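Shown below, as structure tokens, is a lone chain in the form predicted alone; questions about how it binds or moves come after it.
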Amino acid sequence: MANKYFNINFIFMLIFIFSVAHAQIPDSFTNLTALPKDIGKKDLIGIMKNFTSSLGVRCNYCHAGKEGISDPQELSEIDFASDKIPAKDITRVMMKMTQSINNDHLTLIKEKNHLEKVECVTCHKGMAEPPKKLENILARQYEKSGIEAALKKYDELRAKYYGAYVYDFTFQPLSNFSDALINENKGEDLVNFFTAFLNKYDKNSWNAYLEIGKAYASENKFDEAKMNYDKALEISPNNENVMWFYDKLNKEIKKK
């Protein structure tokens, strides 16, 4: 019974919040350039709510407050027609871009039964700026402050976003990051990074042992490489990916 009353109260609270927001937004609109000039108030509020949820922002991210504003998030104190904040013009460009993709391009695809239209959330995923590729974030952090800083950044992002749809926490971005370090002859840093990954996140990651083995192989440390390939195969027997690198290593040993 208590849960029933809680749900009813929660619904009433949402209705109240929506009604307050609805009342604070003007009934007529000016300076509309990307939206129809005759758009209804309900439709406009729906679009604005979609912006806030897709980017994780509030109205004052794009709309400027009136002179002497006391609360920048109080809708009654926002000058919606103002173009003072640059984010508003950027939003207009992005709206026209998504409209063009949906109307001019996706409509040309014949097998479009399962196509979803492009929306703000498609790229932004709940962030004000679309999230960058995880491997690129780690690479820049490494270049700036070293491998410990890259590992710390990975820890921070994983703690905050793991399980969300912002960053890709499968192993592929880490594998891409690993390849970049090998190309830069940073095998020791690579080993340190993935050793920490094994200790902190997944002690049975054959992928991590494979990357460590590749690092040692790149430095002609064949015994260490074989040891890590063996560990990878213990976890994932007959893994074709690991066996390919193992075979490559044996060929390099024979050449030596």
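Numbers for residues come from their place in the sequence shown, where the first is 1. All figures in this text were calculated on a predicted structure; none of them were measured in a lab.
What comes next is about the form predicted in complex with a small molecule, which does not appear here.
- Contact with the small molecule in the predicted complex, judged as any non-hydrogen atom within 4.5 angstroms, is confined among 41 to 49, 199 to 207, 224 to 232, 186 to 194 to 41 to 49.
- Residue-level contacts in the predicted complex: of Ile137, Leu106, Met94, Ala180, one residue has a heavy atom within 4.5 Å of the small molecule, and it is Met94.
- At the 4.5 Å threshold, heavy atoms of Lys214 stay clear of the small molecule in the predicted complex, well away from it.
- In the predicted complex, the small molecule lies within 4.5 Å of some heavy atom of Pro130.
- The small molecule in the predicted complex comes within 4.5 Å of a heavy atom belonging to Thr98.
- None of the heavy atoms of Asn220 is located within 4.5 Å of the small molecule in the predicted complex.
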